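The chain below stands alone, shown as structure tokens; this is the form predicted alone.
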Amino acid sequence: MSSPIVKLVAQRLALGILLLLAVSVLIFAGTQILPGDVAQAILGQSATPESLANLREQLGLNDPAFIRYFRWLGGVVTGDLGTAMSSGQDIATSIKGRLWNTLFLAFWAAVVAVPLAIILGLIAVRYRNGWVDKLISGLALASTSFPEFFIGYVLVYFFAVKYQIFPGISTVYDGMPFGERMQAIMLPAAALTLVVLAHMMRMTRAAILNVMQSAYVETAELKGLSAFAVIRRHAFPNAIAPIINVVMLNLAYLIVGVVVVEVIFVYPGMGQYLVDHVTKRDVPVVQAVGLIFAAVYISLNIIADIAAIVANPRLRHPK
């Protein structure tokens, strides 16, 4: 790997770490300014002032904010996410299974969405300005106009209520057979696929059309190559960098943006876990889940940047 690439990759990694630290400060500050009293929320309205004072001391709520932040950050660095105030359970242990469920759901949505989006984008470019291109682009535009909850409820109505093909509540558990697990996630995975598919397809089409205006593509066309051969051999490889960026951004959304979909289908993932504990004002859980979502989003963006850098021939082969 050449020196310019190594330097750029190191810069992206350092920037990602600094950005994650900044996000951790924002998450901690945001949870601290929430209205209400954590001790009161845990013990209830009938708690005595003495019991409230004892609990605040036990939880370290009387310490200055910056001390609590560094205590929390130090625990995160060592893998200790704290204890849930509402249940007393270890957060890291509770999150482990739910994070796996969210990654499992996002993975299968990506397995369908990414290749399908690229294929539809290539087809739209091949038949650009024709009825096929207009049909694909029109459906994509319509799909991006609908929010996740609307798509989710439509899928539930038709496939779970009316035709009863798939379950409307996506219940999964440890040791569940693979086939049953796939059937359980079918509707939430379809909802996530429809949410990200259109954006990836439109950006793939735009990236390839931008390359199609290049001189080397016109030369390939003059040589008599078929339209698909020109797109596959010359346009698509040179448009791969922006396509990778778009794919990675949408993969980040599949993991971070699953909150609404998981709530609709009562799927036991990170989003459902976050919503459950926001209602209980369980600050340590909200902080931990928020930081994990931020870390995943930043990490995938860094991977996208690095992949785009490595895919740049001018950096791979400097003069």
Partner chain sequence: MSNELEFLSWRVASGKLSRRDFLGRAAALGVTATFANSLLSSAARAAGPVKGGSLKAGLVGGESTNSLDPALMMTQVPFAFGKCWGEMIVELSPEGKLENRIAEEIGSSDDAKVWTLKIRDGVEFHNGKTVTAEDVAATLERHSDEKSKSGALGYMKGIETIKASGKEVVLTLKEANADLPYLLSDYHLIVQPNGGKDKPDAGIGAGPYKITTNEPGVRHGGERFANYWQGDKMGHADQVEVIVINDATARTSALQGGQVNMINRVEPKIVDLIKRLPGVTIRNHAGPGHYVFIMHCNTAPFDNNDLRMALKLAIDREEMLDKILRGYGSLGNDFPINASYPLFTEIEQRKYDPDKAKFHYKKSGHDGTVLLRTSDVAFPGAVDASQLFQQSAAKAGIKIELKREPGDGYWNEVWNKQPFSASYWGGRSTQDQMYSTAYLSTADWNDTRFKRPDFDKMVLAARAELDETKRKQMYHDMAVMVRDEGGLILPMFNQFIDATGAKVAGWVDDPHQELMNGYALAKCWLEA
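Positions refer to the first chain, counted from 1. Take the two forms, find the largest set of C-alpha atoms that superpose within 1.5 Å, and that set is the rigid core. Given the structure is predicted, the values throughout are model-derived calculations rather than measurements.
Form predicted in complex with the partner chain: not shown, discussed below.
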>> Taking the partner chain in the predicted complex, would R128, F236 and A311 all count as contacting it (heavy atom within 4.5 Å)?
In response: no
>> Exactly one residue in Q164, S226, T93, Q213 has a non-hydrogen atom within 4.5 Å of the partner chain in the predicted complex; which is it?
In response: Q164
> Looking at G290, P268, P284, G257, which is the one with a non-hydrogen atom within 4.5 Å of the partner chain in the predicted complex?
Replying inline: P268
> Picking from 68-76, 136-144, 152-160, 115-123, which part of the chain touches the partner chain in the predicted complex when contact means heavy atoms within 4.5 Å?
Replying inline: 152-160
> Does the 4.5 Å heavy atom contact test between S86 and the partner chain in the predicted complex come out positive?
Replying inline: yes
> Are any of the heavy atoms in V278 no more than 4.5 Å from a heavy atom of the partner chain in the predicted complex?
Replying inline: yes
>> Please tell me whether any heavy atom belonging to V132 falls inside 4.5 Å of a heavy atom of the partner chain, as the geometry stands in the predicted complex.
In response: no
> Using 4.5 Å between non-hydrogen atoms, is I240 touching the partner chain in the predicted complex?
Replying inline: no
>> Aligned on the rigid core, do the two forms place the Cα of V256 2 Å or more apart, comparing between this form and the one not shown?
In response: no
> Would the C-alpha of I292 be classed as shifted by 2 Å or more between this form and the one not shown after rigid-core alignment?
Replying inline: no
